[in-house]
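This document opens with one chain alone, in structure tokens, the form predicted alone.
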Amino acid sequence: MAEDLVLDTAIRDWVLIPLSVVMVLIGVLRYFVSKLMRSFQVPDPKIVKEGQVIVRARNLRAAANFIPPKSFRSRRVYFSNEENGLLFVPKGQAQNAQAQMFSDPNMAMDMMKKNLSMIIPQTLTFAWVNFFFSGFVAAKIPFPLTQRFRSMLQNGIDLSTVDVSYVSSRSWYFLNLFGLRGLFSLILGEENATDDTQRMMQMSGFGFDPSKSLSAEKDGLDIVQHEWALPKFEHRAEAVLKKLVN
């Protein structure tokens, strides 16, 4: 049977609160350090142009039924014809996004800086927490949990008799590491550089491939079934007025 523990207030004052404050300060410091290390990159005009073409094609698909059929067909030919359409990409001109990323030294250097700004603070902070705060029961969750959460919430405590709702100091570190995204969004704004989960996903991904996006947008525009909605507006308005009157 799980035992109920009485947590000392000194653990709250000297373990729980300092650990939370340090994690917040480290996150803010990492944001400004990564901002200083970030180099300014001039955007490629070709990539910007292709992105604008994709946005225009999406707007055409979204508002296709609000223009006459002849106008829609001419715009679709302008975007997706096989000779000089803006969305048509010849097979020999398709770019490899992975090779393009590794061929740019500035992009590789920025990626290395981002990885270092994430790995070094995490390693030092985990070593500090493991040395000073290892083995403490820092907090208790105010609702019951199943045994599956024991390995996540009681990292560093090898006692099966302790209730699962108790949180160890090491687990509290990991909860702060991955759970402070909302707080950093309030403090630093939505476009902050302290989201570790998003950065880990970026580490495994590669650059933007415009040729695939252009081809996908071309296929989506080709299958659009145009149905002009303006001639039916009078009938819709009449039906709405009849419902209101009745």
Partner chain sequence: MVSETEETQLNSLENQVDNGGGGAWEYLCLVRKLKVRRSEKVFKYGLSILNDPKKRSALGPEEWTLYEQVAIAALDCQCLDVTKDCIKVLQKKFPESKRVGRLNGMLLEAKGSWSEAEKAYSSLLEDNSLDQVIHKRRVAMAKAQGNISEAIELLNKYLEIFMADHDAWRELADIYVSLQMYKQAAFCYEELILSQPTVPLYHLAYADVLYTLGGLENLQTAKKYYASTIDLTGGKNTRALFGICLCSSAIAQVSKGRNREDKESPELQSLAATALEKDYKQRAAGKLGLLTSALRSMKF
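Think of the rigid core as the biggest set of C-alphas that the two forms share within 1.5 Å after superposition. All of these numbers come straight from a predicted model, not from anything done at the bench. Positions refer to the first chain, counted from 1.
Keep in mind the form predicted together with the partner chain is missing from the figure; the text below concerns it.
Residue-level contacts in the model of the complex: of 165, 125, 71, 134, one residue has a heavy atom within 4.5 Å of the partner chain, and it is 71. Residue in contact with the partner chain in the model of the complex (any heavy atom within 4.5 Å), chosen from 67, 187, 177, 33: 67. Within 4.5 Å of the partner chain in the model of the complex, a heavy atom is found for not a single one of 13, 24 and 219. Remark: residue 234 counts among the residues lining the partner chain in the model of the complex, judged by a heavy atom distance of 4.5 Å or less. Contact check for residue 214: every heavy atom lies farther than 4.5 Å from the partner chain in the model of the complex. Within 4.5 Å of some heavy atom of the partner chain in the model of the complex lies at least one heavy atom of residue 238. Though the partner is left out of this view, residue 56 does reach within 4.5 Å of the partner chain in the model of the complex, counting heavy atoms only. The partner is not shown here, but in the model of the complex the stretch 45-60 reaches within 4.5 angstroms of the partner chain through a heavy atom at 45, 48, 49, 52, 53, 55, 56, 59, 60. After superposition on the rigid core, the Cα atom of residue 13 is displaced by less than 2 Å between the shown form and the other one. If you fit the rigid core between the shown form and the other one, you'll see the Cα of residue 229 move by 2 angstroms or more.
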